[in-house]
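The chain below stands alone and is given as structure tokens, in the form predicted on its own.
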């Protein structure tokens, strides 16, 4: 068995000193995969490799590309596990190199995890979340101090081939992911490296303003009315505890015809309150509740997500789930944050 390389940083062990470039260039069947319920960072980091490697890789998302990102170059090449499960499993089984992006554990790819785990392919992980599942991969590039998986991928490509080798479509995908995972540079963007990466990508004539429009100006009338409804009826604010949360019931979603993708970014509305230090979104699903957590200052919501909601993520942006009732989930959130009196 090949020697496993523990989580790398660009400072401690240069990417160029690993076999990654050789693997990428010599492998005949490359498959790139990202997580369930993909966001812009997942789609961007996935498709960036498709373009960087000249359209060679197969690209997989467990439940497909969200409509909000179907405009991205190469999105029509994504194979959905929901729609073509056997095909996806066969792609993973027959691959000689699998590249995972924007997830830190095989559980994030859900029902496709067994096929990846059992594949004889070399396996590489490029991610920015804490606590990567290193034992499942042959090489792990884990850079939790960076803004996004797309920034990790950008610097990896930069170190392997140089910025000049990154094509325009790859740059468009990477810039999209960086923007979505930083809220257009409003959070997770304290490191100078993210602005350097963004500047280099913008220099490739990617029409950055157009990308921002594609990300932000996508509301339907129903989605806008839904936001108005939940902010009026489902927002709870506790100024003395610097905490606010929004909850969304199944009936709310049915009434407005809203999907999970339509609620991307909704938690940020709890955070724009001046007095809020921690914000949460609780979304009811048929068999569980999804929780998104955001924070300012020194509150570690990653630890809370891992401890209480079987999840994780970043210090200031994390998520998880619960299998108790919606009301019990809300009561736990209030117990966790109201008692702190922050």
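Residue numbers count along the first chain shown, from 1. All values derive from a computational prediction rather than experimental measurement.
One more form of this protein should be noted, the form predicted together with guanosine-5'-monophosphate, which is absent from this view; the next part is about it.
Engineer: Which of 62, 58, 313, 40 has a heavy atom within 4.5 Å of guanosine-5'-monophosphate in the predicted complex?
Structural biologist: Partner contact (heavy atom, 4.5 Å) among the options: 313.
Engineer: Can you pick out, from 317, 278, 30, 52, the residue that has a heavy atom within 4.5 Å of guanosine-5'-monophosphate in the predicted complex?
Structural biologist: Selected option: 317.
Engineer: Pick from 22-30, 270-278, 304-312, 65-73: which stretch has a heavy atom within 4.5 Å of guanosine-5'-monophosphate in the predicted complex?
Structural biologist: In short, 304-312.
Engineer: Does guanosine-5'-monophosphate come within 4.5 Å of a heavy atom in each of 90, 118 and 122 in the predicted complex?
Structural biologist: No residue of the spot touches guanosine-5'-monophosphate in the predicted complex.
Engineer: Taking the shortest heavy atom distance, is residue 172 within 4.5 Å of guanosine-5'-monophosphate in the predicted complex?
Structural biologist: Result no; residue 172 lies far from guanosine-5'-monophosphate in the predicted complex.
Engineer: Given that the partner is absent here, does residue 129 sit within 4.5 Å of guanosine-5'-monophosphate in the predicted complex, heavy atoms only?
Structural biologist: Yes, residue 129 sits close enough to guanosine-5'-monophosphate in the predicted complex that at least one of its heavy atoms falls within 4.5 Å.
Engineer: Could you confirm whether residue 48 comes within 4.5 Å of guanosine-5'-monophosphate in the predicted complex, counting heavy atoms only?
Structural biologist: So residue 48 does not count as contacting guanosine-5'-monophosphate.
Engineer: Against guanosine-5'-monophosphate in the predicted complex, would residue 108 count as a contact residue? Criterion: heavy atoms within 4.5 Å.
Structural biologist: Residue-level check for residue 108: yes, a contact with guanosine-5'-monophosphate.
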